[in-house]
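We begin with a single chain expressed as structure tokens, specifically the form predicted alone.
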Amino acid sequence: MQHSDALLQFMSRYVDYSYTGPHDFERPESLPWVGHMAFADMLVRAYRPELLVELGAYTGVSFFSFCNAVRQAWLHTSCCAVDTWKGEHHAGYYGEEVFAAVERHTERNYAEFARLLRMTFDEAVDRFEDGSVDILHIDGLHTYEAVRHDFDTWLPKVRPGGIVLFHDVVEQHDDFGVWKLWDEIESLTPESCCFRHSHGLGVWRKPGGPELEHPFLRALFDRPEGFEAVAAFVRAVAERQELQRRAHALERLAEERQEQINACQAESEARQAVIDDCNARLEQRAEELRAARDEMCERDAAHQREIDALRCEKARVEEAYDRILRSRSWLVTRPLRFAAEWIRKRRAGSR
């Protein structure tokens, strides 16, 4: 009864579990391990390791989950991640930006107890004493040959009773072979279990060592009843985390869309202001053209009046001239005008 109460009290802390570390887990390549973050926290707090080693850190999701638990629980644990940070054909190949991000997060948040070894697993193995590693997480190249080699090479470094974690134990496509190794070693010790969500995480305890005291660890390896309860709880926490992650992603997407809408509205308002300004200038120009047209019409009307007046004057002059030509005096004096013209021409000719 006391065991059950202690287990419930321990696990109740994770009902509202949320990772508080520094890493951005929204990147697609980070998602495969996200479902095991809560379990990583539980394992570290319950087991209280002195030395934790991870083979294959990539973007740091699992490594930072372990480190975050160490920091929050104030444990005296040394954490070490081994990776070339160049990639391989399962995870893909990448540039220096991945290691730079992992190194930056480590130095800012876990520098006092975490270190990064940028080298191959075989190059790093001699840096550790036999039986010194409490928790070993193997997550490198996932072919059977590679993971078998990593397990055989590093198993002497794990102390009796230490825990070895294997990721992707349920993946059986292409040349993934972690599942095959897991089938071979699962039966070597009664203290092993497998979480099947998030691509699968195998938990294997090296034979030997003292009896487990923490209720979570005892339930973890108590098959089937104890582990089924733990697995269901861990899976529920992971599903809740996934729903929260999706909700946050949707919130960020909504915020981005709202920002885009606001930007479009601002641009639309700016364009409308330009249109309004153009319309105002067009209306002003149209008013000026109407005023100019009215002025021209007035000038045209004035000119037309002047023309009409000149035409009337011309008509009067022509009428007066015509009356003169038809008058009796004009007709009577015609011979005199003819004689005067003849005399003028004679005088002009004599000169």
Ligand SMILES: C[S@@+](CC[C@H](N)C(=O)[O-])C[C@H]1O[C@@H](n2cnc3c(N)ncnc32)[C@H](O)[C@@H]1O
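Residue positions are given as counts along the sequence shown, with the first one as 1. Remember, predicted model here, so these are calculated numbers, not experimental data.
This next part talks about the form predicted together with this ligand, which is not shown.
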Pick from 102 to 110, 232 to 240, 80 to 88, 268 to 276: which stretch has a heavy atom within 4.5 Å of this ligand in the predicted bound form? 80 to 88
Heavy atoms within 4.5 Å of this ligand in the predicted bound form: does Y94 have any? yes
Would G140 sit within 4.5 Å of this ligand in the predicted bound form, counting heavy atoms only? yes
Answer for F121 alone: is it within 4.5 Å of this ligand in the predicted bound form, judged on heavy atom distances? yes
C67 within 4.5 Å of this ligand in the predicted bound form, heavy atoms: no
Of V44, V53, A38, A57, the only residue with a heavy atom within 4.5 Å of this ligand in the predicted bound form is A57
Let me know which residues along 147 to 183 have a heavy atom within 4.5 Å of this ligand in the predicted bound form, or say none if there are none. none
